[in-house]
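So this first bit is one chain, no partners, the form predicted on its own, shown in structure tokens.
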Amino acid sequence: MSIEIRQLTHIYDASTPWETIALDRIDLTISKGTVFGLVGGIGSGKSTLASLMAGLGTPAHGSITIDGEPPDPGRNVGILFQQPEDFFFEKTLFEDMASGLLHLGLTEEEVHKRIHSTLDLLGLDHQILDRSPFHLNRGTLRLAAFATVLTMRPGYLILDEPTASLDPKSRKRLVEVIKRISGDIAIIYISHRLQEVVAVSEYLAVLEQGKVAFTGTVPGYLDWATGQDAWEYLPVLNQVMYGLQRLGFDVDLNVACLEDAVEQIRLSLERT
């Protein structure tokens, strides 16, 4: 049960003076039951790859299959767009959330139950269901968009900058939900917040100019980044830990949060 990406190539403005190879022979396997981080700079191909995995375009060459089938938006794969306002079309949030569920053939009772349970999962006030999505503040709008995707129960979920515009409390809540649901589905987590990606992901791929520069476990990624002196791909906390290692401190490079780093430093000082 996985997303299989094989020799995926995508070209914009092919056979013109503006031809651009956005993705170049990408090979990746993303298994169900994991959080898979995807990082890279501007123009690396992250958004293009996300769109193709979500079934929102057709690659120029190569293939993407999800459990052996092509991507089918809203059924075997869902995506949370970077701009949440692009997600809504109806007059109220409830109508937006219900439309996809009714299309799947759920009864009205099942629709209500699934919507309300999803709002509870994210800690959202049920009263927002009667409001226009466009009258919600940006942070609430992003959580509402996430809730709308979750109600569809996709086996594979692509999240593009999911915590953008969220306050720290909401960001922490969203990450907790992602960790909780990842045992049943695959989550592809795309973000420029490297510390966040490292904290939430089990596996990770780095794209550089449309090619895979690294793929593997998070500890392997941290080793790769330090070995290549690829500091732009190393979260700040891990940069600090690496610097301490070079100064002779007995600390672990693989820390996910500030609390872990502080504990590592405390233990190292006790051992000296």
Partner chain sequence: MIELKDVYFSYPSGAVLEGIDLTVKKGEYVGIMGHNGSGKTTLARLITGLLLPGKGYVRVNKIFTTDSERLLDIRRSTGMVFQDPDAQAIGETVEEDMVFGLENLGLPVPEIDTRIEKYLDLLGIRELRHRNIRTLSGGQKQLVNLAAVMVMEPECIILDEPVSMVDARCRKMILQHIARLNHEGTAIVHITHDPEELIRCHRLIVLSRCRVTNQGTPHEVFGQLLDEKKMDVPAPYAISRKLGLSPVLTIKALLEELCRSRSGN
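Predicted model only: the values in this text are computed from it and were never measured. Between two forms, the rigid core is defined as the largest C-alpha subset superposing within 1.5 Å. Positions refer to the first chain, counted from 1.
Another form, the form predicted in complex with its partner chain, is not on view; read the next lines as being about it.
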Tell me, out of 167, 184, 125, 108, which residue has a non-hydrogen atom within 4.5 angstroms of its partner chain in the model of the complex.
167
Exactly one residue in 131, 113, 179, 153 has a non-hydrogen atom within 4.5 Å of its partner chain in the model of the complex; which is it?
131
Any chance residue 239 has a heavy atom within 4.5 Å of its partner chain in the model of the complex?
yes
Heavy atoms within 4.5 Å of its partner chain in the model of the complex: does residue 173 have any?
no
Going by a heavy atom distance of 4.5 Å, is residue 83 a contact of its partner chain in the model of the complex?
yes
Even though its partner chain is not shown here, does residue 40 get within 4.5 Å of it in the model of the complex, heavy atoms only?
yes
Answer among 29-37, 199-207, 58-66, 243-251 for heavy atoms within 4.5 Å of its partner chain in the model of the complex: the stretch 243-251
Taking its partner chain as it sits in the model of the complex, which residues of 129-150 have a non-hydrogen atom within 4.5 Å of it? Please list them.
131, 135, 137, 138, 139
Does superposing the core leave residue 42 with a CA shift of 2 Å or more between the shown form and the other one?
no
Is residue 6 displaced by at least 2 Å at its C-alpha between the shown form and the other one when the rigid core is overlaid?
no
